[in-house]
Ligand code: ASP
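Shown below, as C-alpha cells, is a lone chain in the form predicted alone; questions about how it binds or moves come after it.
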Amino acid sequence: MIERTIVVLGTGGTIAGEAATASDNVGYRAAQRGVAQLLHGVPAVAGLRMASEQVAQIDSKDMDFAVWVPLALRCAHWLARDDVAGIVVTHGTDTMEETAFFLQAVLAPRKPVVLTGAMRPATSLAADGPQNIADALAVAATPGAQGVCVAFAGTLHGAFEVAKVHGYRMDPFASIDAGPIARIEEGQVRSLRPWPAGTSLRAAADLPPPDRWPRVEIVASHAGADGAVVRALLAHGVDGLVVAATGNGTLHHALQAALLQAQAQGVAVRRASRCLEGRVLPAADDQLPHAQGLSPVKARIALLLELMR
C-alpha cells in the first residue's frame, strides 16, 4: 500500500518572519525561517506523512518570474507522483493572489495545491501561521479536492476570485463575487461550492526562461489621466498593457487615445476594472478588449501567458 504524502513547499513571507520582540507585528523581517522550522509543532494529518522543500526565501512583495517558474515546476513534479495527495505552499500575503492564479493557470491540477501564510510573524505573541498551515494541510488531505486555492483564517478561496482586501486584519482575503469554496473547522473542510477547475493556459513544463517572458505592464485610469505613462512604455518597449479602468471599463479620453495608439502599434491591450467587485461587461462598440472578469493583476498574468503562445 502506498503511503500518502502531503508536500509543503516554502517560499518565505511573513509566516517565516521574525521581529525583535514578540509584541511587534509590523516591524519584522520576512522570510527568516525555513519551511521545515515552520512545520515544527504542526501535527500531520492522520494517516499521511509530510515532506517539505524550500523553493525560495523571499518577502512576497518581491515575487517575480524567477521564483514562479521553479515553483510551478516543483509543483508539477510532486503532483505527478501517485503517493502525493496534495501540496501546501507557504507564501507571503502581498502577492499570494497572483501566485495562486498563476499556478492554477499553468497547472490546472487534479489534486489540491493550497497556498497559505500569515499576517503576523512567527515570533508574534499570537502568530497565526501554525493554524493556517494546519488548515491548509486539512484541505490538501481532503478526498476529491482539486485546483489551486488559498486557505487563510479558516476560509478557503479559489485562485480565480481570491483578493487581498485588507493590509493588517487577520482575515485579509475575500472571494469577491463568488464567495469562498469552503470553511475549515477543527480540521474538517465544509464545502460551500465546487473546487477550482479548468484547463491550463500554458503548461508549466513549456514556460520559457524568465528573461524571455513578454513585458506586460498595468496602467490606471483616473481623474486627469493623460496617457503619458502609456507613451513612455511604448518608447521603452512593452508587449502588453492592462488598464485598471473606472467602473464598467470606462477610460479617460486621453488615456483611451494612448491605448488605442498602442494597440494600433501591435501592443496587446486588455481592460479590467478598478472596482473590487463585478466585471467589465462588453458593449458592441468596444474598441479595446475586456479582461474576461479578471482583476488587473490577474489579467496581467493571463495576458503574459497568452503572449507566450
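From 1 onward, residues are counted along the sequence shown. What you see is a predicted model; the values in this text were computed from it and never measured.
Although it is not shown, the form predicted in complex with the named molecule is what the next lines describe.
S.K.: If the criterion is a non-hydrogen atom within 4.5 angstroms, does every one of Thr14, Lys61 and Thr93 touch the named molecule in the predicted bound form?
M.R.: Yes: Thr14, Lys61 and Thr93 each sit within 4.5 Å of the named molecule in the predicted bound form.
S.K.: So which of Ala204, Val89, Ala118, Leu137 gets a non-hydrogen atom within 4.5 Å of the named molecule in the predicted bound form?
M.R.: Looking at the other structure, the residue within range turns out to be Ala118.
S.K.: Among 251 to 259, 38 to 46, 266 to 274, 53 to 61, which stretch has residues whose heavy atoms lie within 4.5 Å of the named molecule in the predicted bound form?
M.R.: It is the stretch 53 to 61.
S.K.: Look up in the predicted bound form whether Tyr28 has a non-hydrogen atom within 4.5 angstroms of the named molecule, and give yes or no.
M.R.: Judged by the heavy-atom cut-off of 4.5 Å, Tyr28 is in contact with the named molecule in the predicted bound form.
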